[in-house]
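Only one chain is shown below, in structure tokens, and it's the form predicted on its own.
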């Protein structure tokens, strides 16, 4: 596990951008599963600027959706697919044929999760997972407790996650309570994992992720067991109040 501690969120985003650009140049056919959330947005914007300047070409990438709220159509501003589309797929000119997604409205979400897991396996798994860090250590929507072999599945969100997501959607009442997520098994098997965590509010859970016991009660702690993990953070998240 490599930890890159930058001065602030902006320099952390630049470090993440540099790493992502290097990985795309090294393997243009990169298969990546990508987090939404506020933390990676600046990184995606910087990456799109490189693409617009002709410095990288992501057109051969394959992109997988990390998670989704159930029963939220694409036209709803809470749609995580819509967010991924606006922040990465469109700016990076990823062809629709190279995008794999959850069905956010479905009569058979459990079956859809099985089929999505089959698609991931058939593709050979992820070359790259770009992840944020939930306040309770969730990766994607792998809420605690989630074991290392937890599969792609339907998940009921914890109160902590609902509270943390309320800022995006205008209040707790507007946050959907049920989601689907790529499982821990597929995420931990990624050839490369980049975890982005910035801000003093992430200090405690970041330290538990990196230094604490490996436990399903902190799903992100399983990153200690993964093959290649790079954590990009800032001083506030790494040092806390020191």
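This structure is a prediction, so every number in the text was calculated from the model and none was measured. Positions refer to the first chain, counted from 1.
The same protein also has a form predicted together with a small molecule, omitted here; what follows describes it.
- Looking at the small molecule in the model of the complex, residues 39, 133 and 202 each place a heavy atom within 4.5 Å of it.
- Looking at 144-152, 89-97, 112-120, 125-133, the stretch with residues near the small molecule in the model of the complex, meaning non-hydrogen atoms within 4.5 angstroms, turns out to be 125-133.
- The closest heavy atom approach of residue 35 to the small molecule in the model of the complex falls within 4.5 Å.
- Contact check for residue 165: a heavy atom falls within 4.5 Å of the small molecule in the model of the complex.
- In the model of the complex, the small molecule lies within 4.5 Å of some heavy atom of residue 66.
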